[in-house]
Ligand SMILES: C[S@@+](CC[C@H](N)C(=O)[O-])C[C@H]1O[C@@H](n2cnc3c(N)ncnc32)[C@H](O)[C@@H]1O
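Shown below, as structure tokens, is a lone chain in the form predicted alone; questions about how it binds or moves come after it.
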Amino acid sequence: MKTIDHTNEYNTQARANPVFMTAKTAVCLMARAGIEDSVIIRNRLGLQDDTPLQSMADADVILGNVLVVEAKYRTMCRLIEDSGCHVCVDLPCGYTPKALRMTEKGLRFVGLDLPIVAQEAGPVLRSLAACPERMSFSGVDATNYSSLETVLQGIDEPLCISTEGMMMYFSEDEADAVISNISGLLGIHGGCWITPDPEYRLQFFHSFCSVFGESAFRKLEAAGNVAKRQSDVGSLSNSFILDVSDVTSSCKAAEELLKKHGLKAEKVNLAEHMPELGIYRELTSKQVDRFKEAMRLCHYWVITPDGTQKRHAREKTAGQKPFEMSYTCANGIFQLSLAGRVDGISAPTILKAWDVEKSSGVIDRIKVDCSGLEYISSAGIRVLISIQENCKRDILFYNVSQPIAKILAQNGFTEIC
């Protein structure tokens, strides 16, 4: 069987994890808002023309997104600084200037994101930092506990884990895994998890309605469609995300999900902690007043252990297999063997192997041995779909466990043994 190295290449990472483009959209929106250092970061990334915003044809949709993004960024920075923790773990860190602000305040900043983002953001932000020794950037997959724990080993202080604009991109199973992982990290290190994500839909809804009135629903739909296209994610929802049409029941479901993993949430009112925003310059005084009043209906969640955790978090990695892949390609058959976890870190490796063999000749059949496969994330599914779309016949999966078979079937794969 052939083996390949695990060199991360930009194009395969981008195809496996297109959600990283939402991080570039965010820094362009921050630049529009006039957030400190965001223009420099945007330009260092080669985004002077605001390319990620060009799919937002309506200027009001851009304005609404700028309003939400600036409110989140400035409020989250304030809450992190007020948390009392001296280590900020930003998951995902994206390309924002948060690392600069946190380290200037004397905090240690640990930026965690997909490898494609961490590898690009790290050099840019360190080059702008007054205290680069206080910041680090690492490629992880939020569903992969081992990747998170490895980066944080050696830190013996409480963590302020900040999760801003991530949870809505996960499937139900992935969201559950991420919450379990964060619970495990807090069980080891202590601290808190601060996130606006459960109420992100509420914040968008009330922000757009307060500023755009009767046209808000059309603009909200346009904003949602852009996010779905950039991330290649369908619903932007799971049990951790509150439903605007049924806030009470969905809030209870999200709290139950946290409780399942030994966590509890304190809800911090957004209006009471939101600083003045630069984007107000583009709004009328009446729009600003309506917006501020509407933010009283939104909360950011400060999540901590509830004291019911009974098992040591490090047990989560016991018995897990590392990712392994081998393959052959002969007589038009691409034979692939997978073991361990296929997620945002490992999925690009599969795509790279496919690209190499596909360029060498015609492939008529793909067979995947799943006997060692323990987990597959949406990034892995996305890669397999991409491969299948470029082959005449459906992929044949064999030696498939019941949990993996369920995920494959849910995503349209039919030849499963």
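All residue numbers are counted from 1 along the displayed sequence. These figures come from a predicted structure and were not determined experimentally.
Omitted from view is the form predicted together with the ligand, to which the following refers.
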{"query": "4.5 Å heavy atom contact, residue 195 and the ligand in the model of the complex", "finding": "no"}
{"query": "Residue 33 within 4.5 Å of the ligand in the model of the complex, heavy atoms", "finding": "no"}
{"query": "Close approach of residue 397 to the ligand in the model of the complex, 4.5 Å, heavy atom", "finding": "no"}
{"query": "4.5 Å heavy atom contact, residue 166 and the ligand in the model of the complex", "finding": "yes"}
{"query": "181, 203, 210, 96 - the one with a heavy atom within 4.5 Å of the ligand in the model of the complex", "finding": "96"}
{"query": "Heavy atom within 4.5 Å of the ligand in the model of the complex - the one residue of 142, 303, 338, 241 that qualifies", "finding": "142"}
{"query": "Stretch in contact, per heavy atom within 4.5 angstroms of the ligand in the model of the complex, of 273 to 281, 153 to 161, 292 to 300, 110 to 118", "finding": "110 to 118"}
{"query": "Site check 323, 348 and 376: each within 4.5 Å of the ligand in the model of the complex by heavy atom", "finding": "no"}
{"query": "Within 4.5 Å of the ligand in the model of the complex: residues from 11 to 50 (heavy atom criterion)", "finding": "19, 20, 22, 23, 26, 30"}
